[in-house]
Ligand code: NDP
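Below sits a lone chain in structure tokens, taken as the form predicted on its own.
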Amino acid sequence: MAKEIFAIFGNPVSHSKSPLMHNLTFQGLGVDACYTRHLLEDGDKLKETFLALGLKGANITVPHKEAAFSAADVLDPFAKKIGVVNTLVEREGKLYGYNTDAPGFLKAISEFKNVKTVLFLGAGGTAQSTSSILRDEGYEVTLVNRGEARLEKYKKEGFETYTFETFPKDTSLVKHYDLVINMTSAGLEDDNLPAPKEILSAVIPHAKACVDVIYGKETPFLKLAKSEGKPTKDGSDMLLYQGIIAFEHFTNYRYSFDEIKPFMKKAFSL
């Protein structure tokens, strides 16, 4: 049987730890497969590129998670519900779409106790999947985003939303949020904050903790949170847990979460 090939699609994608995570695990479990990365500029060409490369599966990162949803022939019920896919697997010529971000994220924030209210900074693909699963688990999720357009679907689903302009200017009117989470790519390849300083200064002091989905670096957002004395967490655990769940899909559930975890976790110490 030919070696199976997997990849990650994204833009940017050079920073991705996924190839190391999956290749260490393929090696550790004796799976004849390899995992690479592919810079994809046009999300409309995702399916065409996947098939042209002869892939068995792929992870999809920003900004192509909605495009991956459109590329899937068969959708997992949760992925279908939220409209976002970050994992594709080819089976008998069809692409099966899953979302592993949300369950991975839920597991990653479970260490923070007594958390009820959550503020998302940003309303892109990752926010779309995680807002749904968090609400299903009993969290109250509010979103603040630069523009109105991305917030429309959240409004329709009953989430409380604000733009940078409509967020209360009077700090006495700002709700207290237990967790403040950067869901944007701000700080990944720049020194930008995910929201105006005035908004962050109004919410961070009252938070129990601050989380950034970016991993492997201390972003300006996390630095700001630490300067306020807040516990912080980057996206490493979320990446690890979503990667384990993706690997389960890639290998047709031959290996358990606990069998995969020690091999994949090695990628974070190298």
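What you see is a predicted model; the values in this text were computed from it and never measured. In this text, residue numbers run from 1 along the sequence as written.
Same protein, other form: the form predicted in complex with the named molecule, not shown, and the subject of what follows.
Not one of 51, 57 and 87 is positioned with any heavy atom within 4.5 Å of the named molecule in the model of the complex. Between the options 192, 166, 171, 110, the residue in contact with the named molecule in the model of the complex by a heavy atom within 4.5 angstroms is 192. Interface residue among 106, 188, 115, 75 relative to the named molecule in the model of the complex, by the heavy atom within 4.5 Å criterion: 188. Within 4.5 Å of some heavy atom of the named molecule in the model of the complex lies at least one heavy atom of residue 146. Contact check for residue 97: no non-hydrogen atom falls within 4.5 Å of the named molecule in the model of the complex.
Taking the partner from elsewhere, residue 183 is found to have a heavy atom lying within 4.5 Å of the named molecule in the model of the complex. The named molecule is not shown here, but in the model of the complex it comes within 4.5 Å of a heavy atom of residue 124. Between 209 to 217, 30 to 38, 224 to 232, 43 to 51, the stretch whose residues reach within 4.5 angstroms of the named molecule in the model of the complex through a non-hydrogen atom is 209 to 217.
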